[in-house]
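Consider the single chain below, provided in structure tokens and representing the form predicted on its own.
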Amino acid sequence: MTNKIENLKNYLNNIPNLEVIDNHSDVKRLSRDFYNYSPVLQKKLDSCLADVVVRPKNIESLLAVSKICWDLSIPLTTRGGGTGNYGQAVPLAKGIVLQMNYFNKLEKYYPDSGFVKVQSGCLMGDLNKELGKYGRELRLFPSTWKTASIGGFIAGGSGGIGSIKWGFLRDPGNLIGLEAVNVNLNPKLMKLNAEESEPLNHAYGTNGIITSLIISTDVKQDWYSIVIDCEDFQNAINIIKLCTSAAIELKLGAILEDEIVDKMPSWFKRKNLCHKLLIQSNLGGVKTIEMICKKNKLNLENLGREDELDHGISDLVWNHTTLQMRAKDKNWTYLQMLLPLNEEFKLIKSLRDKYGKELLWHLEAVSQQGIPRLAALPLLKWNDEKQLNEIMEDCRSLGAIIFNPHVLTVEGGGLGVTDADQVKAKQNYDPKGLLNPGKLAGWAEKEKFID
């Protein structure tokens, strides 16, 4: 095996426009993401390490890497900004980690549709800044958007800030097309339309190396950050529902239980420690929300325009809530779920009665197929895997859909079922199964899904 790896490095060092990294500390750092949010994944992934990391500077060098992997049967794991939480970018079978950060250009803006073609390694913070020149902005982005890459978000994410209006990444209309390199006898750059791109969307890079994407954007607006105090948690749910059903523009809407608020950064804490609603809306929407709060005798604080704040509420929502909690106490982990429609507080109350403050509630307003819903990313005080599974089973029995962040596979972290189209795409574009092996569970049973 040592000779095989040395031969691999020799081949790689002879490829023009390819940066090769093989010092141990950098390889270790670039074999990691934020999987340590999960004690289960930390135990499984801490020992995983690539043999070498490469950074291609153009398509030709990327094609050459793909060809070497095919010829030598070397596993290949793509990596963006490394901001994922589920081990998407961790190499389970060693081999090569392929970092795409040199592919970082906005290639084309389409003024008639608002679409943009962008290279996969472009950081979303940089992309959003470039879009502003055209009067546009990203529809969807994670709380890590300043350092996450757009390709990593499409390959490993599902939703985030903006999901209150635009749903999830796999909803039709968000991803318009992409270009990707396959791992085959004769690797090539493939150009895929929206339908052909679907199997590569949220597939952890298991069935193609994404090099560029065409995505939809939104008209740029000034978003104002609002914090609403709410003593009663059920009332907080009612208020967020009033806001999502109102005829206003919203960018995000979240609810943090008071115990979570108490663990947030000092700049966010207020004198009145209670449950908080965090909302982003445009100026017209703010007026309506003020009216809703006045009618319900609730205190509202307008922090101002999000892009003018030293600290914004975008740093406190989605998985940044988990990050902030873990900054105070690493014994906190989390869950992800879609709550049952109109039965949200019933589920929360039932679990509160059983688990008390072992489970703290963080809700996010989303849109599912055009219908306003509430997702939850509750914080869980870690005891053991048995309790974790018990809580998830209780949630399912009460009507929640679980997206398990404590498993390695695409299917396990999604709806729990195999996507036959993802397996077929892997068969077509990666027939040896070299791309991010171990992350697509359906590949082990591919005979069931491939004619």
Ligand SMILES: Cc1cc2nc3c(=O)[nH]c(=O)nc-3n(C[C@H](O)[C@H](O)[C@H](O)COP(=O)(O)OP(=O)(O)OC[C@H]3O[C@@H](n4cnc5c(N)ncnc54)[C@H](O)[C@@H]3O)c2cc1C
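Here the structure is a predicted model, which means the values were calculated and not measured. Position 1 is the first residue in the sequence shown; the rest follow in order.
In what follows, reference is made to the form predicted in complex with the ligand, a form of this protein that is not presented.
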Within 4.5 Å of the ligand in the predicted bound form, heavy atoms considered, which of 70, 382, 403, 34?
34
Pick from 162, 378, 253, 84: which has a non-hydrogen atom within 4.5 Å of the ligand in the predicted bound form?
84
Contact test in the predicted bound form: residue 144 vs the ligand, heavy atoms, 4.5 Å
yes
Just checking whether residue 351 would be counted as a contact of the ligand in the predicted bound form - the rule being heavy atoms within 4.5 angstroms.
no
Any chance residue 176 has a heavy atom within 4.5 Å of the ligand in the predicted bound form?
no
Classify residue 275 as contacting or not contacting the ligand in the predicted bound form by the rule of any non-hydrogen atom within 4.5 angstroms, answering yes or no.
no
Which one, 301-309, 149-157, 222-230, 190-198, holds residues whose non-hydrogen atoms are within 4.5 Å of the ligand in the predicted bound form?
149-157
Taking the ligand in the predicted bound form and a 4.5 Å non-hydrogen atom cutoff, the residues of 204-235 making contact are 204, 205, 208, 209, 210
